[in-house]
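Next comes just one chain, in structure tokens: the form predicted alone.
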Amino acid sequence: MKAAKVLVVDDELNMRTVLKAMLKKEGYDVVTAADGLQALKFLREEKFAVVATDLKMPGLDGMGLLGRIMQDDPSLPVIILTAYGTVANAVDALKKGAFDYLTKPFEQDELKTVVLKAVKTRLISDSDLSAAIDADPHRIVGASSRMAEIHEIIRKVSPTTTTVLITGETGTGKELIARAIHRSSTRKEQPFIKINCAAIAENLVESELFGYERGAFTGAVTTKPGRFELAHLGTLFLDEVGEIPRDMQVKLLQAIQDQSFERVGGLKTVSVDVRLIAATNLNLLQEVKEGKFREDLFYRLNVFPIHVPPLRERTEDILTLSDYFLEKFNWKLKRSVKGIDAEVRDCFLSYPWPGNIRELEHLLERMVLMAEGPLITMKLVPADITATTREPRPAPMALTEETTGHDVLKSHMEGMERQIIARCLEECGGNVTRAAERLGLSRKGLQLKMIKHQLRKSRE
């Protein structure tokens, strides 16, 4: 993962040096500026996760810099560094939008804690950016008949407490649908807590879900609530639920059924009121047949299934989404690209988008950033996309009495997907991580597709 970038602003060289060393030790990418004006120059040229600035500086001081940042990018966390005598000014800065303040001299752990909290806040702000620029923050972009059906499903299921299972390929917008359900429910004022089951080490899943008591294991110096507890009265979103280790599935099933559990190392039963939404890009029924997923847990999750179609099956939405992302990244990157050239639009409509909406979003961000004129033109379209849209298509399956139009379409699209992945892997020298990033897929998602298309034998 790319290191979060922190901008340190202080007129004292020693302080800049010390802060840079402290933050680099924690894994951050650190840039330093000697005053507010130099900081503004860096902010125009690069994207930062956090700004830490001294209050008293010649030229543009910390308060002036804060004011400019709040005007240009109000979601960028600004940490004020202040001496004892200017604490009152720091408190005033908090009222004007500063994220937090540190009083000099401060401990490294104190700096670490505040910066980490600010970075997480910035990440949340970025993930919700589409909602921030949209007149209706609950609107899911897409006008196709398939998306109209999903809108209607969301409208019906949101007011209930029914458990929902959202399925679909990586990058189709499953989390967005989960958030839309929560925001349209009677629990919208309560927490929406997400846990990505694929991103947690197996030995930490139980403590992440249910929390732990002080002394439960080495390092448990205090009691910590788990995600179920944090979601009390709200919604718990289990993303990539198919990745839950099998030995934890029975405990998850029990917690869902009973709405209660014990923390790791605890004896007291904790009761909660949680609405559950789960999502997966796996075929859970197939996982059940292969013994990787418990059948009883599957049916407990699959009370109200919602399948999100891949972008290639709703081509009507491609241009709508493209225009939406153009507006989004104009706002985010402070650009003024007016539109997308007709030839590029035709290219987009011909491309199968194996990485779905996420791939389209990442591509538009690069294009808006690199555009030199008023339009997105073909010279900004990556070669792997133009090659895919121009090459001969795989021969379609013959339509017989035993096949349907859907079978033919599915076979055709799978053939195209295999070609795209094979070419991307070849161009990336077989590097799965680089190929996954280029395709807009997770590394694991690409590995599953490689196994599916027999591009590499499974090691299992």
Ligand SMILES: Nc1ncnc2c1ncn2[C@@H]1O[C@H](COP(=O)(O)OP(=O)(O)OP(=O)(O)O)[C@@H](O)[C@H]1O
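Each residue number is its position in the shown sequence, starting from 1. Since this is a predicted model, take the numbers as computed values, not measurements.
What comes next is about the form predicted together with the named molecule, which is not displayed.
Remark: of stretches 101 to 109, 181 to 189, 73 to 81, 354 to 362, the one touching the named molecule in the predicted bound form is 354 to 362 (heavy atom within 4.5 Å). The candidate spot formed by Glu343, Leu349 and Asp384 is out of contact with the named molecule in the predicted bound form: none of the three has a heavy atom within 4.5 Å. Contact with the named molecule in the predicted bound form, judged by any heavy atom within 4.5 Å, is made by just one of Glu213, Glu262, Asp92, Glu175: Glu175. Exactly one listed residue, out of Ile200, Leu319, Ile140, Met248, brings a non-hydrogen atom to within 4.5 Å of the named molecule in the predicted bound form: Ile140. Put simply, Asn281 is close to the named molecule in the predicted bound form: some heavy atom of it is within 4.5 Å. In the predicted bound form, the named molecule stays beyond 4.5 Å of every heavy atom belonging to Phe293.
In the predicted bound form, the named molecule stays beyond 4.5 Å of every heavy atom belonging to Ser158. Although the partner is absent here, Glu169 lies within 4.5 Å of the named molecule in the predicted bound form, judged by heavy atoms. Applying a 4.5 Å heavy atom cutoff to the named molecule in the predicted bound form picks out no residue from 201 to 216.
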